[in-house]
Structures are given as C-alpha cells and as structure tokens.
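Shown here is one chain on its own, the form predicted on its own, set out as structure tokens.
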Amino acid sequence: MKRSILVTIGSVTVIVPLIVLALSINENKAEQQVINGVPNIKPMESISAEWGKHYPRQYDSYLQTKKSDEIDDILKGNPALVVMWSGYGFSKDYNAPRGHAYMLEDNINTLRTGGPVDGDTGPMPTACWTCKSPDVPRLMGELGELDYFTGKWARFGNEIVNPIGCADCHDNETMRLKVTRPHIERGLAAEGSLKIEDATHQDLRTLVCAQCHSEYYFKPTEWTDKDGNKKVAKVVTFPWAKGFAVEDMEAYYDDINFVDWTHKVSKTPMLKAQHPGYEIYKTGAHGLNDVSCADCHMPYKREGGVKYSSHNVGNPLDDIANTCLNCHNEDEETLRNTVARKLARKNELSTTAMDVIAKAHLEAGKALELGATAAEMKPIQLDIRHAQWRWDYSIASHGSFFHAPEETLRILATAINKGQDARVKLRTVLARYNAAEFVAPDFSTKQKAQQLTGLPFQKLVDEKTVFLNTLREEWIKEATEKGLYDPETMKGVEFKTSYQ
C-alpha cells in the first residue's frame, strides 16, 4: 500500500512537469506560428501600433527607443561648428540623434526647419521629411514621387505624423524586408556593385537601414503635373555614381558644381555631409565580412521558445552580451576599452580639424573684407570646401569610429591637411593686404560663435515657438481627424529641445 502511494506520488512528480513543459512548448510553437504567419495589414500602414497587434514583442522593443530621450546640444560642446556651418541650418540647432521614436518630433522641433505659418512657407523643402516617417512612402504611393518632392516642408505637416516604424522596412503582405525609398535603388544602380533585385535577406538587413543612413543631396528635377504646370522637385539622390569613397563623392559633387550653401563668412561654396553610415561601414571590418546593420543594432532575443529581432535600435554596447560578444572572444571590459581608445583618437583628430577649418573660414572672411579677389580666393575656398566635406563626412555618420576606425582617422587626417593648406595660402593673401598678423576672433562658446557669425538666435526661437503653438497644433488636429495620428506610439514622448 505504502509502496503504491509512493509510486503514484513519484509518477505525478515526474509527469506533471512534463505536461506543463509540453503545454509550454505547444504554446510557444503556436505563438511562433503566429509570428511567422502573415496577418492582414493594409498596404503602407503607417501606424506602427497596428503592426504591433500582431507582433507585440517587436513593437514593445521598438517602444523602448523612447528611453533614448536626452538632448545633447552638440553646438554647445563644439562651438566651432557654428562658424563652420555659418549660413546653413545646422548652425542654428544641432543635437545628437535620439531613438527612432523621436525622429519625427526632433525634425519638427529643431530650429533648422524654421517657423512656417502655412504650407507654403519656411526654409526647408518637402525632402526633409523623407527619412523620418512611414507616412513618406505612403505619400509617394498616393501622389507620385516627384509630386511628393515638390514644395515646402510645411506642405505635409498634417500628413507625416508617425515616426519611423514597421512600414519603413517591411512588406505588409509577406512581412519580408524591403526598401521603401526609391532613391536607394537608383543609387545602387548608379554605383553598380549590387542590384536591388539581387539583394539577399542578409543584404536587406543592411539596405533597409542604408536607405536613410547614407549621404544624399537634393537634386533639382523638372517635371509637369497633370494640369500641365511646370514644377521643380528637390529629389533625394545618393551621389554614388563614382563610388562609395569620400573622394569619389567629393569628385561627383565637384563635377556637377553642386553647392549645399555658400558660407556666410568665407563665401565658400560648401558641401554638407548628411549621415554616410552605409558608405563608411562598407570600408570597415564588419561591412567587408558581411555583418549587417541588424546583426549589431537589432540583435535576436529569446523569450521561452520564441525568437525575435529586437527593434530597440541603438548602441550595440548597451547590450554587448547579445551583440559584440556573439562574435568577439574578448571579455566585455577589454572590448569596451578598445572602443573607448578608438573613440578618443577620432575625437582628438576631429577637434583639431574643427579648429583648423573654423579659423580658415574666419581668415578667409578677413581676406575678402580687405579686398582679396575671386582669383586669389578660389584655390583657398576649394581647400576649405574639401577639408570641411571630409571632416563632416567622417563625423556625420555618428558611429564611423566603430564601423571603420582606420578609414575614419584617414579621412580626418586629410581634412586637417586640406584645412592647413588653406590657411598657409591665406597667410600669403593676408600679408599682401597688410594683415599678416591677423588672428581669428574668439569662438570658444556657442553664444560667442553665433554672435560672431551674425546668427539671430532669439528671433529663430521666437518664430519656432509661435509655430509650435499654432500651425503645429493644427497639424495634429487635422491628422487625428484623418485617422493618421497614432497617440499610442507618441505616448510619453515629451517636448525637449536645446533652446527651451
């Protein structure tokens, strides 16, 4: 009797956990089948919460990008930038990038986009929305690409209301990765080493990022609308026809005489690098070994029997056990120290380059003030243009020192050399005009630099404040009425800027 009871108890002790385990496995398999299935999501659904109903883990991890919410005023820490970008929007306001959840808000709140009063005013073209929202490919599909790229940024304020999300990278029918911005297809075709139709899944784990994290310019493109009206679109274009290297794109821009803006002080025809993450990545160890962006920035996670890709896109060092240490054999401390050393070297050269180039602008401005001719200044301005382009290219990628440290240091070294070449030539010109001893004025703080370059900072803040309290509120109301605005995704997104 006692023996039978003991046997029964023992059997239950063994069987019950097995039943629980079996149920858990079946539950996880069922959930994995749902994840691998294809839910009914409408084409170009720009509200990510709708995708999140079917993929809650991916969506919840995406919402974690809200935690990257601190404002880091780059101009305050590097006032030379105000001088270097004088006459261009970045001299007004430039903060370190935050999480994907803030892409749209930061674009709307920055002083760079100005204080428009209606859909036809403001300093920026519609193209400035292009990489900020899944509403962009939706609009391209509805209006046509050229129509989308026509007009002022404020034209689409009540249409582009959802931050970077699911529809930017996924096909609604198959859930496969896909590029949604046509400019990357044209860029790859021009460069020639990879056709988009030949891209593998691993390629796409990089290309969906590259469609936005790449160098671009706004190419003026004439077109005729359905009513026969002649218009000009400012089309996002990748300058890859000569190759991906910084010198290749420099030559491309020089050949077409492209100018982003004319510097307010030195009158140099300038280039503004955007964020050439893809191009620099391709020259580094990760790119050369076919490690994708997603491998490091969107590592796989496991919950029970469910495997999914984290959409908390951010710094791989924040989750080093699931990113770097999947491939690297070093311990965490050693790896962190290695990265810190590389970053310190890059920062040292970048700081030197900024000081040299900013002074070159101010010295060139003095030479012009004294009467230097266009012929005297042309070779100097070309050196300044190339120096700043190379410096900007090396740092605008943000993670360049990690993606390709050797290439980044090489580019920064050439930027310093070009800047010093300009300053040596300027010494001769300044001496010719009896100003050989000229010393560039103090730009050691953001305020001093903005005053030195004549930037009306408070006026810009006042105009932006009016816009945010009027037209911006109208956009939200109109988008809500259209059913476009997603309060769930925007929940907890606080207003933060460097100027208020």
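One-based numbering along the sequence shown. Here the structure is a predicted model, which is why all the values come from computation and not from measurement.
What comes next is about the form predicted together with a small molecule, which is not displayed.
Does F443 reach the small molecule in the predicted complex, with heavy atoms at most 4.5 Å apart? Flag for F443 set to no.
May I ask you to check whether I160 falls inside a 4.5 Å heavy atom distance of the small molecule in the predicted complex? Looking in the predicted complex, residue contacts with the small molecule do not include I160, since no heavy atom lies within 4.5 Å.
Does the small molecule come within 4.5 Å of any heavy atom of F244 in the predicted complex? F244: no contact with the small molecule in the predicted complex.
Determine whether any heavy atom of Y59 comes within 4.5 Å of a heavy atom of the small molecule in the predicted complex, and answer yes or no. Y59: contacts the small molecule in the predicted complex.
Quick one: of K366, R155, H170, K346, which gets a non-hydrogen atom within 4.5 angstroms of the small molecule in the predicted complex? Flagged contact: H170.
Which pick from K418, H263, R390, H311 sits with a heavy atom within 4.5 Å of the small molecule in the predicted complex? So the residue touching the small molecule in the predicted complex, by this definition, is H311.
Each of R181, H213 and L335 near the small molecule in the predicted complex, meaning some heavy atom within 4.5 Å? Heavy-atom distance to the small molecule in the predicted complex: all three under 4.5 Å.
Based on heavy atom distances of 4.5 Å or less, which listed stretch (390-398, 75-83, 346-354, 255-263) is in contact with the small molecule in the predicted complex? One stretch meets the cut-off, namely 390-398.
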